[in-house]
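In structure tokens, the next block holds one chain alone, the form predicted alone.
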Amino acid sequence: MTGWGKSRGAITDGLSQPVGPAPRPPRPLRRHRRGDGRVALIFIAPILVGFAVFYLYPTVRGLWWSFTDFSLIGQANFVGLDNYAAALRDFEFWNSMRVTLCYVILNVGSQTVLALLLATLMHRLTRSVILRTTLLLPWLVPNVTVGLVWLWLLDADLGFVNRLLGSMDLGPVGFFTNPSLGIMTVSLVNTWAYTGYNALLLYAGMLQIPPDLYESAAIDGAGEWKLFSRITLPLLRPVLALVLVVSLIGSFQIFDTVAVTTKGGPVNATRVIYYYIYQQAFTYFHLGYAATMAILLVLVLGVLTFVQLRLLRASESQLA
């Protein structure tokens, strides 16, 4: 037939030259960078080694100790779940958890409210670098130093605060020695130390909110409270969730401020769970029992963090 050559499907032009099917476009060259994985592994190797040595190994070791009667003065013997049963029956353990929970509520609540207030004032009124640096200074001071400074300031006999209260005939107040005020005082000390840092985190989140939203709402007659409640707070949810989770975990780990101020007193009114674990491990040498309480604390923090993230819907953002 005219237009067909000998080969099946071959098409000929006017000069009876066979023309094959249309050529396929060339495939893009795939560059296999086989060395990238090795280079990345080299860069993260120090972090992995540090994590394995200082976090993973102590965690596994502590988990094993929680099933033993290990102490610094004897051989560790496997006791199964006896330590966990003893912890659940230990009144002092539950009292320490209660004190810690009171501290967490006071500390996280006060930090979050003050941090939101400071971040909003910076966002709406001023963006001074000097102000932001000043807010960060208390966070840069070690907790032991913060605790000692406030211990001297609030001393019932020689403290500046009590001298000032005495000049107003309000009498000396035992901030750290009064069982009713001890945990509240420790909470306010750490609130002073960490509020500025949380405020900067929230302020950074507020900077991600488009200014057009505030301008449009202001044109419609919205005041500052409506701008905060209808725009800032909903769009700040992921950052606020981060701040709350970090504050919650950090508050449960309170130790150094208590260790240098009240040492768990008076009458165990400020003996938080970390300090109780420390006492069991290095005062009474019950390292197996201390490891058990530490594992229980990890489980409690895991559950609280999961619930907190789900309730705050931290993975969702209305800015997307």
Partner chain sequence: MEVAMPTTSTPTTARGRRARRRPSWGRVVGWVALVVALLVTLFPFYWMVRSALTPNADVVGDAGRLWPSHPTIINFARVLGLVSTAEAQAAGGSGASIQFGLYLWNSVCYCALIGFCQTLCCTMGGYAFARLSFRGRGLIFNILVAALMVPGIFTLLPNFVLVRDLGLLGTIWGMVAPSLLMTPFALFFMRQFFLPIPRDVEEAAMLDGAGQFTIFWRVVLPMARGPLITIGLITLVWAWKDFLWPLLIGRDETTRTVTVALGVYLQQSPNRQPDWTGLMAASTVSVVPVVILLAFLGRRIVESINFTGIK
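Quantities reported herein were computed from a predicted structural model and do not represent experimental measurements. Residue numbers count along the first chain shown, from 1. The term rigid core refers to the maximal set of C-alpha atoms that superpose within 1.5 Å between the two forms.
This next part talks about the form predicted together with its partner chain, which is not shown.
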Is A290 one of the residues lying within 4.5 Å of its partner chain in the predicted complex, judged by heavy atom distances?
yes
Heavy atom of Y274 within 4.5 Å of its partner chain in the predicted complex
yes
Distance check, W152 to its partner chain in the predicted complex, heavy atom within 4.5 Å
yes
Can you tell me if M168 lies within 4.5 angstroms of its partner chain in the predicted complex, counting non-hydrogen atoms only?
no
Please pick, from L140, L233, V113, L88, the one residue with any non-hydrogen atom lying within 4.5 angstroms of its partner chain in the predicted complex.
L140
So in the predicted complex, are V129, Y278 and F282 all sitting within 4.5 Å of its partner chain, heavy atoms only?
yes
Looking at heavy atoms inside 4.5 Å, which stretch does its partner chain contact in the predicted complex, given the options 75-83, 179-187, 116-124, 96-104?
116-124
Rigid core fitted, then: does F54 show a CA shift of 2 angstroms or greater between the shown form and the other one?
yes
Checking F43 here: with the core superposed, does its CA move 2 Å or more between the shown form and the other one?
yes
